[in-house]
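Quick heads-up: it's one chain on its own, the form predicted on its own, in structure tokens.
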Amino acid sequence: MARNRFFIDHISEDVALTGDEFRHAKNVLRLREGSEATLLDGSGAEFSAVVTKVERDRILLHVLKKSATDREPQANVFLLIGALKGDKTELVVQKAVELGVSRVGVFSSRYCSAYLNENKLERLRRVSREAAKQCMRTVAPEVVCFENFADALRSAEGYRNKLFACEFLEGSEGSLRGLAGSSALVVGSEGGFSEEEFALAKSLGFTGVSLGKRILRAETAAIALLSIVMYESGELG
């Protein structure tokens, strides 16, 4: 039931869909009394439910059973990406969720020409929820915003592998093969990074990595690096 999947904060025997989830269920999916649905509370479980009543501003459902799933990744991967122009940040969040990221952080840096506000951040969180439902995940990865680049780097404290994609490196400073444990990845915006920003990252324990001889678009670099890390962590094998 890939289409009829809904996130809800608290699940009990009888629950109600409201807000955006209600509008999607009623106006797009056109759920009716007796329709089946899968409810998600971010715990990693799925809850099978049936619609009992459709009201003007909510849909009531009765929960039938709780099921365990194995779709959530074992690898804990945190992607930090510089804010991108247009809807490119949304693209990165969508693909990162599909690939199995655990958390996404969006930051501003010296050469970043895009910006985030509360409306854009909420849009990214909505993209995360919709991508999680589409790819049959049971958890929508958190999306957070950092106005200060140093704060973004420090948010990766405690991760075992800390990788910093840098376009002006001639080669990677470490190997990406056989990664084990948690990973934090940093990819810049369209303008890339300054030497000072790279130096700051290194002082905080990051290892510089190169993605080859060709200059990749920022969104391509983020998706490519994440794909490599998820594969080497055993999530795409």
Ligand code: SAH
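Keep in mind that this is a model prediction, so the values were computed, not measured. In case it trips you up, residue 1 is the first one in the sequence shown, and so on.
One more form of this protein exists, namely the form predicted in complex with the ligand; it is left out here, but the text below deals with it.
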The unique member of Thr52, Ser43, Ser210, Ser48 whose heavy atoms fall within 4.5 Å of the ligand in the predicted complex: Ser210
Joint contact, Glu72, Ala96 and Ala132 to the ligand in the predicted complex, by non-hydrogen atom at 4.5 Å: no
Among 177-185, 26-34, 192-200, 53-61, the stretch whose residues bring a heavy atom within 4.5 Å of the ligand in the predicted complex is 192-200
If we define contact as a non-hydrogen atom of the residue within 4.5 angstroms of the partner, is Cys166 a contact of the ligand in the predicted complex? yes
Applying a 4.5 Å heavy atom distance criterion, does Ile215 contact the ligand in the predicted complex? yes
Flag Ala221 as yes or no: does it have a non-hydrogen atom within 4.5 angstroms of any non-hydrogen atom of the ligand in the predicted complex? yes
